[in-house]
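Form predicted alone, single chain, as structure tokens, below.
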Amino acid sequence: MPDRKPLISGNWKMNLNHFEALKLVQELSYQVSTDDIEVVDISLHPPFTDIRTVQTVLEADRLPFHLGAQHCYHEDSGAFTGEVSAGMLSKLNVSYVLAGHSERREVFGESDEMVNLKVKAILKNEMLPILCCGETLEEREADEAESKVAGQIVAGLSGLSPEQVGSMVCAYEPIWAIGTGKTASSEDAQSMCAVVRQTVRENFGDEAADAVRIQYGGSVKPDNAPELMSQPDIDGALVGGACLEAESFGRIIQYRLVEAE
């Protein structure tokens, strides 16, 4: 199996003001060791109002976390009240940007075409997209999960080169498992992540498929992270609620220690 360094990402969603953000990052720095950083990449995705604060503490204290963002707009600038461009984020040394999270799609009406434009803007500004995909409970029960996810991947990656696709991250998050306490079984998660990789393989070739990192997201917690991360096509986790507490997020980052016991 290709050597894909796992990426554990913490999506803070609309939580934590900049004072709370500073406290969490400092607490997390005590949870994570040098050994962890050698084998796992870690990205933190705070709200926009926290990004500058988090950037400052990461750089001042030389903390080994990648700065991430939850969203951006695809245009470089203009009359788009309330939006933030990819270029603005890149100037804050953001490394990873979520694109097409289910909450952006479901709550804010982002289409596959909008997500694709965002992915291209992120890459244009020398950051890495985390392209999110996932099905609803109704789609799963109607046996439409695979076609829904494959369609989101094809649309989201449209117009990209195999090299670009291989450099980025895809995140499979079953919508019915986000924030509900329900988690896909490790077998179900592996099956769907394999669909993502096969879709990349069919559209962009073996090198891109073997290189792209695929995260699982949806009620990831310290107790289920080791089994999820043991699956061959799962290369990381996109963590929601459990990343808002340093101890629980630290234990997810250290999933391999539990796995080895």
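Don't overthink the numbering: it's just position in the shown sequence, from 1. Just so we're clear, the structure is a prediction, and the values are computed from it rather than from any experiment.
Omitted here: the form predicted together with a small molecule. The next part is about that form.
Using a 4.5 Å heavy atom cutoff, Glu103, Glu173 and Val220 all lie near the small molecule in the model of the complex. Mapping the unseen interface onto this chain, Lys13 counts among the residues with a heavy atom inside 4.5 Å of the small molecule in the model of the complex.
In the model of the complex, Leu24 stays away from the small molecule, with no heavy atom inside 4.5 Å. The closest non-hydrogen atom of Leu238 lies within 4.5 Å of the small molecule in the model of the complex. At the 4.5 Å threshold, heavy atoms of Gly87 stay clear of the small molecule in the model of the complex, well away from it.
The stretch from 177-185, 119-127, 73-81, 88-96 that comes within 4.5 Å of the small molecule in the model of the complex, counting heavy atoms only, is 177-185.
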